[in-house]
Ligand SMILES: Nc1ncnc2c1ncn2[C@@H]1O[C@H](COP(=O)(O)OP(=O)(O)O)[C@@H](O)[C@H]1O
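Take a look at this one chain, the form predicted alone, written out in structure tokens.
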Amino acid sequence: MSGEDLILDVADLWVAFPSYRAAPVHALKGVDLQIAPGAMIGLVGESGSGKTTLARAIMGLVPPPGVVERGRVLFAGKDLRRMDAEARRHLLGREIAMVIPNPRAELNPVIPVGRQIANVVFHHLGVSRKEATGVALDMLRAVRIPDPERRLNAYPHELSGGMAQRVVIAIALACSPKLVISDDATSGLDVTVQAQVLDLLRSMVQEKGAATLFITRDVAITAHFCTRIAVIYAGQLVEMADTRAFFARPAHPYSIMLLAAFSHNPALRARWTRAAGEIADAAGEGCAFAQRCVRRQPRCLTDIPTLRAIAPGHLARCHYPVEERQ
């Protein structure tokens, strides 16, 4: 698929944060990621692996003093890094939308939620206030808010956590964006509400034909909602595959460690997670995961692995990927 046909095309993206009297810490190290129209890519990794930094870098919102050192970010063929601030503001919310995990932090506590949805529609689509309010009501119905006419004038503190998250989804999808970034959007909800909100997000994204970058620490969720899985560790993508292939034959030791964390077999969990610890900023030679890997060899400590194809559509950044026994 050519770059013009992709919704998102990220190439060799590096993000660094300065450190006092030390070398900068690289939160992203040469990330390559492509998302086609209608695809739902699950980006999986533990806390500190670079998931949120990647989302912010795509949107041009890396918090200072962080900087994008180099790389390309194309959205529908347009270079986001070369856009001026005004052009980027027009895109954000209109064609690129983000759903965050804490709706209380995103919603204005002193403005009714219906008006907050309507404000986004009014600003980005240029319709009248009356039309924007009508769209807001339609979106509250679409996200299955009970009694939407009454909730239109409700304040965020009057809503449950699940309903507040549905309002955030309504705001994100109100302008029919081409790309939706969900950053651990359901992590604060209980399991039942989480499943309902995730199913709602998936169905609404599919209805609107949007592409989705679905960021999560819970690899199990991606099995049900994503078309393709990307695993990130220490700022590098270490494995990418179609969902079925990933769960049938995970190849990178880190991916297997993540899956083992959900296993009911204590021996399996102990074997693959015994080296768990803080994520290292491996700026030097060797594999970033080598110090935690149960399969490391001398080469892993000296040679940097590349992200290479180990099967059609299945990539792994490992000198010694786990292979299925015949």
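Here the rigid core means the biggest group of C-alpha atoms that line up within 1.5 Å when the two forms are laid on top of each other. Treat the numbers as computed from the prediction; the structure is a model and nothing was measured. For every residue, the number given is its place in the sequence shown, counted from 1.
There is another form of this protein, the form predicted together with the ligand, and it is not shown here; the text below is about that form.
Screening Ala27, Ile58, Ile35, Leu258 for any heavy atom within 4.5 Å of the ligand in the model of the complex leaves a single hit, Ala27. The ligand is not drawn, but in the model of the complex it has no heavy atom within 4.5 Å of Trp14. Contact check for Gly50: a non-hydrogen atom falls within 4.5 Å of the ligand in the model of the complex. When the rigid core is held fixed, the Cα atom of Ser19 travels 2 angstroms or more between this form and the one not shown.
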